[in-house]
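Starting off, we have a lone chain in the form predicted on its own, written out as structure tokens.
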């Protein structure tokens, strides 16, 4: 049985241009409207940070802390399956803390699956057409729920990869510490390759039906993981050793999962290179629906869905697909838009919907 998961109350302080905001969301649809640059995206970003410990548009804490404030704070009362908990995040320029019911959380990978959330923002419209990094990030985000240990493998792999490259750059391909780094890389990289293979298969399984619902009838979709590593640790280690001279010249590792790609093919042709812009955007939307489905099944709860101003970037057909998604998914949804008049949705009961306006960082419930 899949549990319902909702924010019941949200409080935000000194987060970007939101000085202080408190809101009581509706259990299904929460429409956040206002002019661009007034804080709509900041509201969704704050929720995402609270749930995942990361921002979907900033790399450093200092970027989200309001000018002149010592810290940004986000708190929420969350109900899952009838049980209530309080979650809190405090972000300072050089530190961040997360707590649940007053107890500080030490392991951020465990925190990131506590309150599952899926975000779709305008940058995600390039998921199908853009660089492989975006698709790798999606793979790893889903893998975190399917196989939580993958976060540890990825962290250890990335650390060893940096140290190996530093040794190559400073001491060359015969540096004595390279064997130790490459043994670590082989262990954690091979594990990461195996996890990504299983995760890609699960995404492909979920992506097929979502693409079929949104795309023109008759299109054939294939999903393939292009693995740049090996699931075999010994093969992995040997490949790294052989690639040392090349990696010195390149300044980066030429072998390993940091070069993986989730390849999408429509009617036998690469979607990235040959699909129309409309098909690519349908694929991007379908990928987020597949992520939602994978996380729901792995976590046993309906993820909270954050949609950031996608109405401004979609044509009528693609917007209609988003509209259907909002009506169909049982998740609590937060949608930002400068055009609230587009969201006439009689399918959602008035008690299940709340409308908010954002102006100069102030969030108010619309009447």
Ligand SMILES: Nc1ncnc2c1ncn2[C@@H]1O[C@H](COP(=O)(O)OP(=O)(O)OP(=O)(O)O)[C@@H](O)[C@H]1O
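As the structure is a prediction and not an experimental result, all values here were calculated from the model. Numbering follows the first chain given and starts at 1.
FYI, the form predicted in complex with the ligand isn't displayed, but the following is about it.
Visitor: Non-hydrogen atoms within 4.5 angstroms of the ligand in the predicted complex: do 137, 153 and 187 all have one?
Guide: Result no, not one residue of the spot touches the ligand.
Visitor: How about residue 13 - does it come within 4.5 Å of the ligand in the predicted complex, if we only consider non-hydrogen atoms?
Guide: Looking in the predicted complex, residue contacts with the ligand do not include residue 13, since no heavy atom lies within 4.5 Å.
Visitor: With a 4.5 Å heavy atom cut-off, would you call residue 38 a contact of the ligand in the predicted complex?
Guide: Yes, residue 38 is a contact residue.
Visitor: Does at least one non-hydrogen atom of residue 65 fall within 4.5 angstroms of the ligand in the predicted complex?
Guide: Yes, residue 65 sits close enough to the ligand in the predicted complex that at least one of its heavy atoms falls within 4.5 Å.
Visitor: Taking the ligand as it sits in the predicted complex, is residue 324 in contact with it (heavy atom to heavy atom, 4.5 Å or less)?
Guide: No, residue 324 sits far enough from the ligand in the predicted complex that none of its heavy atoms falls within 4.5 Å.
Visitor: Tell me the stretch among 298 to 306, 66 to 74, 46 to 54, 316 to 324 that has any heavy atom within 4.5 angstroms of the ligand in the predicted complex.
Guide: Stretch 66 to 74 is the one.
Visitor: For 197 to 223: residues with a non-hydrogen atom within 4.5 angstroms of the ligand in the predicted complex?
Guide: Result: empty, none.
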